[in-house]
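Only one chain is given next, in structure tokens, and it is the form predicted on its own.
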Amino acid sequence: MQTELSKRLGVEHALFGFTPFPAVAAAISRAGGFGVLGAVRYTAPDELQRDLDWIEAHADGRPYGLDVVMPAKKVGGVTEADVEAMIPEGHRQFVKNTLAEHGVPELAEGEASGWRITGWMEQVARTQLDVAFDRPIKLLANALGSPPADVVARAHDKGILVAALAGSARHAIKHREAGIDVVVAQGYEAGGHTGEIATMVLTPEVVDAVHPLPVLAAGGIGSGEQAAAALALGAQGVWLGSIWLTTTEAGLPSPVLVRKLLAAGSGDTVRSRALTGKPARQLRTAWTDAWDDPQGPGALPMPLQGLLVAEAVTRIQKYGVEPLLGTPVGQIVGRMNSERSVQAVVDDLTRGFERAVDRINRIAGRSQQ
């Protein structure tokens, strides 16, 4: 399952696996794919340094990359405290009321929230990049589009390819004009922040719009047959995220969340602003319903919402409050029916790809007779 891009990066399979878990990223690379570690949850450079070093030590010399969340435009002088001060008291009270309604316990005294999305802030993202550029990463992806021009130039100086996610052909063209090397066409079905266009429609539009730049298809892909379809549409690989959540290497700390993921169908997700303030596909829960209710205050814009709900999400996760407990995940969750190793997932993907190619070859052979 090789393409020009996978050969350029030195990987066996054109499977690009995004994950917040270092063990999963390393396992994807060991299995012949390309592991990409998500950096948005890191607030301290030494923590990211530790995990990148761990991946380097456990990837068996295989290539890997990093995904950051960095705005293209510089917003100077804004601190986390400045942003916190913008959060209305009414929204804070809504959070308290919702948690109280479901009996969510408080954190222990002095226990800090473990879930604060500050990686979107430019100063945080730049400290992450300072760490990453000292490591042998082969790809830098940005989930908020094209990173600043100086970041692109710095990556290129180090021989690192730069990728950016796009939800429309128009966005993809802007990435090409910004000097991006790889465009990830992320469809509506994907977990996390998504646009409005489905993967089957979006992928060929982006391929045509940015030719000859390589395109990776993302969103709703969790089988080898779907990967073959993406390549048939002109993509040079697939970008997979949700499928790794229920792997044994992910080691999700909440058995309640694992059970919910394994039981969920493809219709059990929703695009909601509840988590970050931007539409993000996630499990539908009482938490998303509360924020999406027209009678409620409505989610704040990014990044206010992420900071507002940080402690609440930590409490929900720590105590496994099932009605409220969720996670970003795509519609492919309907295929995530058992816990498997990363290697088993990759094996299943490659076997399915081979089946799809054989099927098409048989059809093409008959049509030529």
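From a predicted model like this one, the values you see are computed outputs, not experimental measurements. One-based numbering along the sequence shown.
Quick note: we don't show the form predicted together with a further copy of the same chain, though the next part is all about it.
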- a further copy of the same chain contact in the predicted bound form: residue 241, any heavy atom under 4.5 Å: no
- Does the 4.5 Å heavy atom contact test between residue 198 and a further copy of the same chain in the predicted bound form come out positive? yes
- Message: With a cut-off of 4.5 Å between heavy atoms, is residue 125 one of the residues that contacts a further copy of the same chain in the predicted bound form?
- Response: no
- Is residue 275 a contact residue for a further copy of the same chain in the predicted bound form, using a 4.5 Å heavy atom cut-off? no
- Query: Can you pick the one in 148, 204, 279, 145 that has a heavy atom within 4.5 Å of a further copy of the same chain in the predicted bound form?
  - Reply: 204
- Item | Contact residue in the predicted bound form, chosen from 164, 245, 132, 235 - any heavy atom within 4.5 Å of a further copy of the same chain | 235
- Tell me which of 102-110, 224-232, 155-163, 255-263 has residues with heavy atoms within 4.5 angstroms of a further copy of the same chain in the predicted bound form? 224-232
- Task: Taking only heavy atoms into account, state which residues of 345-361 are within 4.5 Å of a further copy of the same chain in the predicted bound form, ordered by sequence.
- Result: 353, 354, 356, 357, 358, 359, 360, 361
